[in-house]
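Only one chain comes next, encoded as structure tokens, the form predicted on its own.
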Amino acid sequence: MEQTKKWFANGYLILVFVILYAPILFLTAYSFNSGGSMVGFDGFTLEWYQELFSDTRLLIIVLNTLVIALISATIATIVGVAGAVAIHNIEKTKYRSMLLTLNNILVVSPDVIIGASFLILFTMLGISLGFFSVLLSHIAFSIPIVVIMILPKLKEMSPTLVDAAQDLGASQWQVFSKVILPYILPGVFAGFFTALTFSLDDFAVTFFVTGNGFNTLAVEVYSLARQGISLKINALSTIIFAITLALVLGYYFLSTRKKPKTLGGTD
């Protein structure tokens, strides 16, 4: 019976991975298709990669996407750290719970609603749609994500650490920079990279607030899909997936690598 359960669990896990990765492998394989379509594989070619790197407009859009993601994630992380610390330091549970609820509502709200709200807001304020509107929107929906990532680390931290630093004469800034920040640093990094991922992936909010002359990759791929996707998009997706896979594997090997044992004693 135990062996049957083990085989069933392994089979289910393999099935999940096949469902998740089969479309990516299919997309990657056809990025080398000389036939120019995803109907039949006619032969191996690097034509679509050459066409990708010669498409200046698409490369600029990729750069726009990266710039927006990095700037928005950085600003959202700074604001999110301040917000998480402020929420954590509220003494009254009622007010703290209310702020957490308001924060979580922004996380679970549909992107279409958030995008439409930003569009109405920018229109009312007379802000032209483009780089600035997209950046503000990405910062706004990333902040609640960062707050959620950091709050658990703040809850884990013992209040005695702060009390001890204050008893030793540390200022508020020294308490934050020397005690609180080093302790919550894993949550800060998690919040930053989660915000970065959300910004890179976002389509719905960006679709509402982007304007003529400025696009991100998700919106551009959607526009191309309506016209019939060129296989250079497959090539771009393959490169992005390969870079992501390399980063994940690199992090995995660095985090699991055993530290070399040092021999005690003197020469």
Partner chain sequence: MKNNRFARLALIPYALWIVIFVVAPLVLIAYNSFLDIEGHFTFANYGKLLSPVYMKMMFNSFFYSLIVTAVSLLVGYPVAYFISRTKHKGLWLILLILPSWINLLLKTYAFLGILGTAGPINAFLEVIGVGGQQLLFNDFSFVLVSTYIFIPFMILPVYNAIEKINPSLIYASRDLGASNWKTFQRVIFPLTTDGIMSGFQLVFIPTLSLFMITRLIAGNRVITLGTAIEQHFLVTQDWGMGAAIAVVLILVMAIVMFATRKIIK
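Since the model is a prediction, treat every value here as computed from it, not as a measurement. Numbering follows the first chain given and starts at 1.
There is another form of this protein, the form predicted together with its partner chain, and it is not shown here; the text below is about that form.
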Legend entry - 4.5 Å heavy atom contact, D201 to its partner chain in the model of the complex: yes
Inset, instruction - Find out whether any non-hydrogen atom of P144 is located within 4.5 angstroms of its partner chain in the model of the complex, and reply yes or no. - result: yes
Inset, instruction - Using a 4.5 Å heavy atom cut-off, state whether L254 contacts its partner chain in the model of the complex. - result: no
Inset, instruction - Could you confirm whether F176 comes within 4.5 Å of its partner chain in the model of the complex, counting heavy atoms only? - result: yes
Inset, instruction - Report yes if all three of I61, T74 and F214 come within 4.5 Å of its partner chain in the model of the complex by some heavy atom, otherwise no. - result: no
Legend entry - Those residues of 112-134 which, in the model of the complex, come within 4.5 Å of its partner chain by heavy atom: V112, I113, A116, S117, F118, L119, I120, L121, F122, T123, M124
